[in-house]
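This document starts with one chain, in the form predicted on its own, laid out as structure tokens.
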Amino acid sequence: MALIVQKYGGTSVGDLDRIARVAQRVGRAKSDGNSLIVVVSAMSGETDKLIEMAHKLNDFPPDREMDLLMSSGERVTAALLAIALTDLGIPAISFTGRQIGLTTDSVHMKARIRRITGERLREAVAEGKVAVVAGFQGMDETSGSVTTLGRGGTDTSAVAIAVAMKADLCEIYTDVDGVYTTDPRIVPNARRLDNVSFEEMLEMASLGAKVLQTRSVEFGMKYNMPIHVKSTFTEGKGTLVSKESSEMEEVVVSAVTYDRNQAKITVTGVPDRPGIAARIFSVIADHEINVDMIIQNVSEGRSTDISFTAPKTEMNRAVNALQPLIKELDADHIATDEDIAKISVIGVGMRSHSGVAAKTFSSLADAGINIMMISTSEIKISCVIEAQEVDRAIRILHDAFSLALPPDQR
């Protein structure tokens, strides 16, 4: 008998009919002899409604109160699913993050998990019950306040619970039937991948693929917890995210991803001397702004330009944080560009195959697509290009690396 943790996202539990269908799916898994812990998101759109209500009352609602407010959506879903399971004759009990002993640090709105005791989960499983857990939430281990894990945090809850409970598998049910070589809305003949390594999935999640949340993949990779991505609405094999195998390296490039939520920020006329970059990015770090790509231009005389990319939502905050430095450093000014996007080719096979960078750059150059910034790792090549060129660039690179589904399988 296997212990399986299942996670159902907001679209999967979007209304009562869908919750009833999830209950039936859980029932089938239970009847196969498995022990089950089910982690659920808020019903689709509910969290946004709660945030909107808060902002109608207060333009700057306190983070602590927002965490308590937003955690309620998942609690509603957990209780409703437990009620639906009970109606089917399946013993079930719902829990909040606090009740399963999921403790976090003290950072509201984007807390990080410290530990999960899981005593009540173990009791429920031992009694043959389906344990239904409200995802996305925990408890500040210092103050006892409710905390949330940030958007997409239910994925992180599910994988962390699977690790803590020593589950055999974590299944992530969503509105897509797996991980694809690229966005099927851009490339209709994109291919679903049967297997993806943790490293590839981590790059894909951080580079715009929205199938899994980045922190959930980090948990899976650190503790070697297999994650199976499947569709709530259709039957199929899905995609297994697991430890890298030798067969995975035979495929040079596995996927092409993109991220339109990028902005480029340039500090111009910066003095070209040691310590300046450290000063700039220390300020950025102090404001908890995540920086992605960084480039420093060739020095012209005694000054240079430093450019970096960050999420669009963080652009104004980054500019405001850096503004006092302009006078202090005797720099010129700060320039921004929101009309950019990042595209990336990903594959563990890059470690043992040459020529991927050359093919990437030449394919874009032949199409007249200009590259503004480049970053690489062992299994990734990323380029910043004009936002209007993203779809065309994705199709070009997907074709260049022959990732499409063969004609006889379309």
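Everything numeric in this text was worked out from a predicted model, so none of it was measured. Numbering starts at 1 and follows the sequence shown.
Absent from the display: the form predicted together with a small molecule. The rest refers to it.
*Asks:* All three of V196, T360 and H398 touching the small molecule in the model of the complex at 4.5 Å, heavy atom to heavy atom?
*Replies:* No, because V196, T360 and H398 lack any heavy atom that approaches the small molecule to within 4.5 Å in the model of the complex.
*Asks:* Report the stretch among 214-222, 306-314, 110-118, 168-176 that approaches the small molecule in the model of the complex to within 4.5 Å, counting heavy atoms only.
*Replies:* That would be stretch 168-176.
*Asks:* So which of R260, R122, K210, R273 reaches within 4.5 angstroms of the small molecule in the model of the complex, heavy atom to heavy atom?
*Replies:* It is K210 that has a heavy atom within 4.5 Å of the partner.
*Asks:* Which of these residues, D183, D292, D140, E244, gets a heavy atom within 4.5 Å of the small molecule in the model of the complex?
*Replies:* Among D183, D292, D140, E244, a heavy atom within 4.5 Å of the small molecule in the model of the complex occurs only for D183.
*Asks:* Could you tell me if G10 has a non-hydrogen atom within 4.5 Å of the small molecule in the model of the complex?
*Replies:* Answer yes; at least one heavy atom of G10 falls within 4.5 Å of the small molecule in the model of the complex.
*Asks:* Is V267 near the small molecule? Define near as a heavy atom within 4.5 Å, in the model of the complex.
*Replies:* No, V267 is distant from the partner.
*Asks:* Would M204 count as a contact of the small molecule in the model of the complex, using a 4.5 angstroms cut-off between non-hydrogen atoms?
*Replies:* Looking in the model of the complex, residue contacts with the small molecule include M204, since a heavy atom lies within 4.5 Å.
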